[in-house]
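The form predicted alone is given below as one chain in structure tokens.
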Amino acid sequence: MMQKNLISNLSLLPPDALLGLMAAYKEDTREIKVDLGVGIYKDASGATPVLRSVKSAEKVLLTSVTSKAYEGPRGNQVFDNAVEKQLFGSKSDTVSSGRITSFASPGGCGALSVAVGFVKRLKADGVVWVSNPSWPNHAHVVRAMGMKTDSYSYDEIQDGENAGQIDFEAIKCSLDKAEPGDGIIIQGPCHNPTGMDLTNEQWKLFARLCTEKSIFPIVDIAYHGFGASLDEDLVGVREFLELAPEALISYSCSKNFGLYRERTGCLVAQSQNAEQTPIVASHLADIARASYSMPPAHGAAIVATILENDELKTEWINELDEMRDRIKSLRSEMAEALRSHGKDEAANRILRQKGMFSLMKLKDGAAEKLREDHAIYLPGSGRINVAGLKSENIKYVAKCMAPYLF
């Protein structure tokens, strides 16, 4: 008896739009082409370098590592503790009180998946709220974990003395439908795709909103250090965590340590009290066990080595400063080029934004036209990776893009 072809019940899924864009760019044979799509840092030559501090740390590890055995569900605990210090500060009462537990994870996505799995255990039929717009994989992760997703507004105030700030009243209105036990993903510094961040005061308001409505927050930090500085980037987040009694934090080392392919992340949980910490830890470990079982070790060991060595940490901070300064310089150059084509509003907006990304307000079909006619690759949303620009192509990009900008 022939077995029924069960796979025939499935249909071919559409390719990931961003990965498809990356493949199309590689296949483009035109002499002048610009990749503003994939969200990775690039230097002036267009390369994504291995940081000097990372190479130095790997040399240390090459001679010091004695085993490739599993490190346990929490992974490298030196790494975990170092990330906790990054987030809360070295003298945090929250950490010393026993309210914090942390788990190394396969990148920020691994941390987010476990975090959503935890929220599902709190309320299986709940909703996880994601900003609109947001990084597309946020909603994808939520749905893949078997939860429903909805969106809250994340846009600028257009007029008045607060023009350019995120419209927090719109956020509140969007969350009117949120119910106790729902989850919410809130991006930390350098929001993807908008480059627009909450003010420190708005972080406090968000904490009060989550607490009053009993919404469980997941704070996603993927670009720490790309905004103003390591400390300044986290002022608002720390104030949020001071006011929100419980939260999960996904921390990615892909961008700020350049460890993209090493999949280095950390999930940090803040409980209301120390008695709840082992309960939370047991559930996080259980969810991780059923997913990836044990976290990868190499990237976490690199980060731990850097952060626990004063000389390497100083070198890493200097490299991070270089990356951030390059992005700021590219923003300034792009703004100047846009002004030369009469696009003052777009220029002002790109200067207000922070981090690697900027959301350009493009007319419908503009991304496709820019790709077909000018070999400029960006998603249909209009989000550009500022780090994908070069001083020598900025005028070209601005000239080609200007007719399509509102």
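Given the structure is predicted, the values throughout are model-derived calculations rather than measurements. The first residue of the sequence shown is number 1, and the count goes up from there.
Although it is not shown, the form predicted in complex with a small molecule is what the next lines describe.
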Only one of 270, 305, 192, 256 has a non-hydrogen atom within 4.5 angstroms of the small molecule in the model of the complex; which is it? 192
Within 4.5 Å, heavy atoms only, which of 128, 112, 210, 237 is in contact with the small molecule in the model of the complex? 112
Counting only non-hydrogen atoms and a 4.5 angstroms cut-off, does residue 223 reach the small molecule in the model of the complex? yes
Evaluate residue 263 for contact with the small molecule in the model of the complex, applying a 4.5 angstroms cut-off between non-hydrogen atoms, and reply yes or no. yes
May I ask you to check whether residue 324 falls inside a 4.5 Å heavy atom distance of the small molecule in the model of the complex? no
Taking heavy atoms and a 4.5 Å cut-off, does residue 252 contact the small molecule in the model of the complex? yes
Look at the stretches 280-288, 83-91, 135-143, 157-165 and give the one with heavy atoms within 4.5 Å of the small molecule in the model of the complex. 135-143
